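Next up: a single chain in structure tokens, the form predicted alone.
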Amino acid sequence: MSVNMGNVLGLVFANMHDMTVGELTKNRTMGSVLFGGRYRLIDFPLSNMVNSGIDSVGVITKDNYQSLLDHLGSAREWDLARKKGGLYILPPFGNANAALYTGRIEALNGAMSFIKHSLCDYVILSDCDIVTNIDYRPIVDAHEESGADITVVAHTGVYTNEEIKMSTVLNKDESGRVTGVLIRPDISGTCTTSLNMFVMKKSFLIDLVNDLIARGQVSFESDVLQAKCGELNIQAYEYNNYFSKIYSVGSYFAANMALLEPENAKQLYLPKRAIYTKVSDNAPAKYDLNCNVKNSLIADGCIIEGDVENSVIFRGVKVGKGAKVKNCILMQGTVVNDGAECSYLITDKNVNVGANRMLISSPEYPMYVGKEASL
């Protein structure tokens, strides 16, 4: 029997992985990091929840969230501007005794009043570090059928040491039950890793958080998944569709570049499961007769007069005459002036690259230029 998704509450953690991409989150939350030419990372979990039939979503914030508020606005673009349900912004001080949280459990405790007042029976937790197009309906159904206390969305694959050192690794038996948990282990190879998406009943979540707070425990990964995997029925739901995990500036660069492969873009941007974002009424991109553009994503509002190859170009970017942009991510409002040359470069918003300047980096360590910098 399928669970009514209107009976599911979505909770999105906007700040949970800020420190992994510290350069990108200096002026914003992880959720409001720009991605793919026109999106923010929070667009993906929000769109996934809405497309799955969830109509009540809380966004748990911590600090530095002004740009997130500007982006979400009334939540009309996600069809969450409603009289009943809709989108709720949950600041860190949700009760009189709350402090700035240090872990997921403290964050949930700060939002406890909102969770308790929800009429939903199930809760989905999601971070903003996974870029994918996922349907939560079969996951919630599998959670109910298995009788699990917690269902963890996970993927089994071959990972590098760098990837695993930023992940939670799950050991599971043939039935999918988690039997052991390793947190950021120093290993590599074939592993099952958590995608930081969790399903549980609301009543179970409330009791769990209350118990952990009373014991002074704040980490969901170590104090719940790892410490209680023998006590609780924790199930791993295997997810094998396309996804990218953002765990460093290098992985952010690679995830954007991966969208230049048509097959990846096809799996992420599904016709019947759109990824929604804030609407910006810009004019279409303008291309000079002498420009040369190859294998790139060019957003609206751009002016391209030079050469662009293998790059992701956000809204309102200008590439001047004779300029060469290759293997770059240029965020909104960046200007590459005449004759400049950029390679393996990530620019934040409103960066100005001077005429005839040369900024060349490597694919292993792409150069990042901060917001509103002038070079």
Partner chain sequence: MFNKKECVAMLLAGGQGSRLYALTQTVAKPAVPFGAKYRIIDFPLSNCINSGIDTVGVLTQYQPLVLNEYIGNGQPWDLDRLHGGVHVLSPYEKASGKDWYSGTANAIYQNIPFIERYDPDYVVVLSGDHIYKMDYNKMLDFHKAKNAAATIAVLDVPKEEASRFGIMITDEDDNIIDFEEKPANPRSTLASMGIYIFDWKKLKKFLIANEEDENASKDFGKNIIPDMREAGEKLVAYRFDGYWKDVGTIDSLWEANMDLINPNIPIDLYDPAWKIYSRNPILPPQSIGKKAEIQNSMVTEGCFIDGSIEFSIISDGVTVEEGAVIYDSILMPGAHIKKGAKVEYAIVGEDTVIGENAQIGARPETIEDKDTWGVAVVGNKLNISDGANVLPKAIIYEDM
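In this text the structure is predicted, and so the values were computed from the model without any measurement. Residue numbers count along the first chain shown, from 1.
One more form of this protein exists, namely the form predicted together with the partner chain; it is left out here, but the text below deals with it.
Candidate site formed by 173, 180 and 204: none of these residues places a non-hydrogen atom within 4.5 angstroms of the partner chain in the predicted complex.
For residue 37, a non-hydrogen atom is located within 4.5 Å of the partner chain in the predicted complex, even though that partner is not displayed. At the 4.5 Å threshold, heavy atoms of residue 88 stay clear of the partner chain in the predicted complex, well away from it. Taking the partner from elsewhere, residue 279 is found to have a heavy atom lying within 4.5 Å of the partner chain in the predicted complex. With a 4.5 Å cutoff on heavy atoms, residue 300 counts as touching the partner chain in the predicted complex. The stretch from 287 to 295, 249 to 257, 189 to 197, 124 to 132 that comes within 4.5 Å of the partner chain in the predicted complex, counting heavy atoms only, is 287 to 295. The listed set 239, 243, 114, 269 contains one residue whose heavy atoms approach the partner chain in the predicted complex to within 4.5 Å, identified as 269. Only one of the listed residues (230, 262, 147, 157) places a non-hydrogen atom within 4.5 angstroms of the partner chain in the predicted complex, and that residue is 262.
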